[in-house]
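The chain below stands alone and is given in structure tokens; this is the form predicted alone.
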Amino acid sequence: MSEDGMFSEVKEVLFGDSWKMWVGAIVLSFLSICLFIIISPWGASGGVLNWGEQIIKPIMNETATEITKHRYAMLNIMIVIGALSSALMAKQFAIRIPPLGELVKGLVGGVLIGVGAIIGSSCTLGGFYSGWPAMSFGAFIFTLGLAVGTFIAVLYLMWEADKYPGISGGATKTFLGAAGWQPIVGVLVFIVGLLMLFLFPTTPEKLLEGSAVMLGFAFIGLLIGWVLQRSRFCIVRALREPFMTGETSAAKAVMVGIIVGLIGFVTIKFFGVFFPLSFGGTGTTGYAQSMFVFGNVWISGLLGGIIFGIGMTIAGGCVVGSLWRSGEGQVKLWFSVIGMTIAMPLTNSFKNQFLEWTGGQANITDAMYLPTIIGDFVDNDLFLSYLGGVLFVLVAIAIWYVIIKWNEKSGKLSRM
């Protein structure tokens, strides 16, 4: 094969047709494991909360953490840049302005996502895609809420389409689509993303101050954005499609990603990686084990998941889905990001009162960690505790798989 032929083949793989979603899921889980090795797995809502705090906290005479010092805020920015560069390189970028009703749904959905994320202390990453591999019991409660909320929202969307089709009626206006200049601009955008890495110097003093963490998150965020757009990875589809059409490919892709993440997360947690670089060389016992284990159980997790599920289904994207689609030029998702950016810090200011009302706690960790729960039944044997946690996650995935395959054949849960 000639060099030109080889180059064209590589170009087609990287920038031609979209990847299979399960391929993206595997790569994204690998990148999340890399983030965990640095300090913590892939999450999204905390970064958007920080964005909103840049606006809300000064009004309340408070100081927000600088974006360049908040790893998830920076990660999210780089995800948008990565998705934008990928869309441009593949000539898939366009400013897409849907009818007014869809813009309103994007904004309202974003607000509900923001409220649900704060109440449930999670999003589809921390409370599901990363939460399950982290063996957080609360993640399963939050996911149950997501499923219920998604089903409610699907029923609403079907009702709206039947009774009030004019709400979302009308043509989507498209600008700057599939232009010949896009690949060149995409390369330039990617280069800008790489140049932003110089915001985080790597002198020995800066490394100990956390610059290495920020550098790692910024670089991997750029890659995550690129992979998200290439594979069109969408957790909303995984939860929504079985209730709408019965289609299962997105759900199965997410299952594959969770299993890959589980392998990496359990390895890190079991062997107790202590992140010496991130913590000035001192190490922190138990830090890895408690990572992404939140106190979002029962009322807080279930209610937060329901609200979040309704919001993401109406908006057409969760937190991370809204971010990478914003990079593609989807204006509806711009409104979603605006809604969640405003709602998260405002809801967060009332979170303690809500937790007091529900009897929840903000900082429960060990009590909600599956190996800790199982350890009470196996004399705290570490291996058996972790084995039980892994089996719990795998059984949950198996049950989910059986349900969606049954529905694919019977259509009992599908609304279309």
Partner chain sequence: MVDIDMTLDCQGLSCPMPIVKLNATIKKIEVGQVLEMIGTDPGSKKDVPLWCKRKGNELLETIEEGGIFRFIIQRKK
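Numbering follows the first chain given and starts at 1. Predicted, not measured: the structure shown is a model, and the values here were computed from it.
Quick note: we don't show the form predicted together with the partner chain, though the next part is all about it.
Q: Among the candidate stretches 94-102, 115-123, 188-196, 294-302, which one is within 4.5 Å of the partner chain in the predicted complex when only heavy atoms are counted?
A: Of the options, only 94-102 has residues within 4.5 Å of the partner.
Q: For residue 84, is any heavy atom within 4.5 Å of the partner chain in the predicted complex, or not?
A: Contact check for residue 84: no, nothing within 4.5 Å of the partner chain in the predicted complex.
Q: Residue 401 near the partner chain in the predicted complex, any heavy atom under 4.5 Å?
A: Residue 401 lies outside the contact set for the partner chain.
Q: Is residue 232 close enough to the partner chain in the predicted complex to count, meaning some heavy atom within 4.5 Å?
A: Yes - in the predicted complex, heavy atoms of residue 232 and the partner chain come within 4.5 Å of each other.
Q: Although the partner chain is absent from this view, report whether residue 178 comes within 4.5 Å of it in the predicted complex, heavy atoms only.
A: Yes, contact at 4.5 Å.
Q: With the partner chain left out of view, which of 263, 212, 158, 148 would have a heavy atom within 4.5 Å of it in the predicted complex?
A: The option sitting close enough to the partner is 158.
Q: So in the predicted complex, are 168, 174 and 246 all sitting within 4.5 Å of the partner chain, heavy atoms only?
A: Every residue of the candidate spot has a heavy atom within 4.5 Å of the partner chain in the predicted complex.
Q: Across 308-340, which residues bring a heavy atom to within 4.5 Å of the partner chain in the predicted complex?
A: Counting only heavy atoms within 4.5 Å of the partner chain in the predicted complex, the contacting residues of 308-340 are 313, 316, 328, 330, 332, 333.
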